[in-house]
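The data below hold one chain only, encoded as structure tokens and taken in the form predicted on its own.
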């Protein structure tokens, strides 16, 4: 019992001390350490290390920026949305389903340059009802298009959310797949079809 109490006291002291210790490190020193650690990294890696304006705002305000910055994020991110040259926002659900489940995320130091990456959707969402392994950071997407009226407005809204989630909800935890060049506009259209098409396993 005494040992447990001592351990609790040590842990409590550490937790209390951590914020004070963290405040002693200036942002300039931290930036210098990061810069030195990744001095020889590729441009792709460096692009993932440093925050853009939207990420900096979300970090500073813990994903709850004030109204004026909230609106600025929406405006900035909505301007980043690009659509397929064909203007067709619903593609091939079969292509998307294959990509979504290939487990090949946006790797650093790609071992197979040029390989088609997938959205890795099941890392955060359940897709088809018969899936047994999936993440739950995001909501289940099973039946996503089953009880919805599939019109142009819903198709565009779904496209925008996949292409750049922060253009819909500032500081969303969902990756900005299209805006960051992870998925092409054509791929995003395939994912829209995967979610909305009545023939897609998502809507079985």
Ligand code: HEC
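None of the values given here were measured: they were computed from a predicted structure. Positions refer to the first chain, counted from 1.
Not on display, but discussed next: the form predicted in complex with heme C.
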Candidate spot 120, 173 and 194, all three touching heme C in the model of the complex (heavy atom, 4.5 Å): yes
Stretch in contact, per heavy atom within 4.5 angstroms of heme C in the model of the complex, of 65 to 73, 30 to 38, 51 to 59, 133 to 141: 133 to 141
In the model of the complex, residue 95 touching heme C (heavy atom, 4.5 Å): no
Non-hydrogen atom contact residue 156 with heme C in the model of the complex at 4.5 angstroms: no
In the model of the complex, residue 116 touching heme C (heavy atom, 4.5 Å): no
Partner contact for residue 148 in the model of the complex: heme C, 4.5 angstroms, heavy atom: yes
Listed residue (88, 81, 128, 124) with a non-hydrogen atom within 4.5 angstroms of heme C in the model of the complex: 124
